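Okay, so here's just one chain, in structure tokens, the form predicted on its own.
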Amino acid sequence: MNPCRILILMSDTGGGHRASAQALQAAFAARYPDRFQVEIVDLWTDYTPWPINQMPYLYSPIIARVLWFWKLLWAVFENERAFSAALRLVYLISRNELRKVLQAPRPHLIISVHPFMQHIFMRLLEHEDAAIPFMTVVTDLASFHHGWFHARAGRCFVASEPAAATARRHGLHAGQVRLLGLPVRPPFAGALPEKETARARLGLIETAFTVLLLGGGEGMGPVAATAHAVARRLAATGKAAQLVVICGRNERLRQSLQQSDWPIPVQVCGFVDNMQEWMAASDCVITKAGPGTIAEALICGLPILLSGFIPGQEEGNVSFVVDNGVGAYRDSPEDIAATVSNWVDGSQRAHMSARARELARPRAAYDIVDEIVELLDGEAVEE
């Protein structure tokens, strides 16, 4: 018997969409080996013509260098009429390419993990008279572009109560909306190492207060200034402390920090593929307000100090972290350093850590996949 073909639609506008797609793909493979053929499709890059297919490549440069332009784009496409008109134009230009997604073997199910996939692909399914189940997995925690929500989606899986409420306001009924959490990378769904074990494995001091500073995949923002400010303030406390800085793919930043003089032990890394170990080894994390990193930090019980956010798509994540009592927001290196130094005292940290674990949903990808398979099996029985 041939495996059922499932397509997960995404676009590389930020690393979170692909990470969630990969988490779902891994969950299908782990829970239902050999039953499903799950493919991740970058719809924008692979199935639209030039110049539309170049748009994902512009995302990171715009965010890094011309953030004002991103704010403008977000404001324009928050208008539902403007957004709908733009997607209609993309569809008209790209329809012949988009049809190729449905070519044999025709998929049995389509899952979207990106807010720009729902409306354009639903239009394609309607025009092609293709009765293929379509489901959405919302990969944002608290800021939601209206493109996420389509009333004809079979299911809309969300990661928070605000997401569920927003889905209902956009016309989805309660039975369509399922609050199961945000899919995270498979290592976070399993047993994480104990703090002492992780520190020993990573060459860290086992008894020191440990701060994890993340620069994202590209090592953007004032990472260097923040690292130096935090190191100075931790040294001033007189207590045993250490700092880990993950620079991502920013090689210049990594080399610069590795050559610096530090008042406390500092370990500088480039891009890592064992983030679960670094988080398990840490006492708190400094990061921008990306939903995937927040979800992973909650699983590890880490107090979260947000250092920045992308306007529009990440603004709500700041309120999510602060209002839920799992962290704070500071936007200057000195303020970040002052807050972290206050967290050396474990009482405040313990409360935030316990609250983080209450909010965590480490098995979200598996729960979503199990429900999808249950729905598919139910449809097969009805047929």
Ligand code: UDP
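Throughout, rigid core stands for the largest set of C-alpha atoms superposing within 1.5 Å between the two forms. Worth saying up front: this structure is predicted, and the values here are computed from it rather than measured. Numbering starts at 1 and runs along the sequence shown.
Just so it is clear, the following notes concern the form predicted in complex with ligand UDP, a form of the same protein that is not shown.
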Subject >> Of Ala229, Leu180, Val272, Val268, the one that lies within 4.5 Å of ligand UDP in the predicted complex (heavy atoms) >> reply: Val272
**OP:** Let me know the one among Pro107, Pro115, Pro303, Gly216 whose heavy atoms come within 4.5 Å of ligand UDP in the predicted complex, would you?
**Re:** Gly216
Original post:
ligand UDP isn't shown here, but in the predicted complex, which of 202-210, 144-152, 75-83, 293-301 has heavy atoms within 4.5 Å of it?
Top reply: 293-301
Original post:
Is the gap between Ile120 and ligand UDP in the predicted complex 4.5 Å or less for some heavy atom pair?
Top reply: no
Original post:
Using heavy atoms and a 4.5 Å limit, would one call Ala19 a contact residue for ligand UDP in the predicted complex?
Top reply: yes
Original post:
Taking heavy atoms only, is Pro186 within 4.5 angstroms of ligand UDP in the predicted complex?
Top reply: no
Subject >> ligand UDP contact in the predicted complex: Lys288, any heavy atom under 4.5 Å >> reply: yes
Original post:
Even though the chain is shown alone, can you say which residues of 237-254 have a heavy atom within 4.5 Å of ligand UDP in the predicted complex?
Top reply: Ile246, Gly248
Original post:
After fitting the rigid core, is the C-alpha of Gly219 off by 2 Å or more between this form and the one not shown?
Top reply: yes
Original post:
Rigid core fitted, then: does Asn250 show a CA shift of 2 angstroms or greater between this form and the one not shown?
Top reply: yes
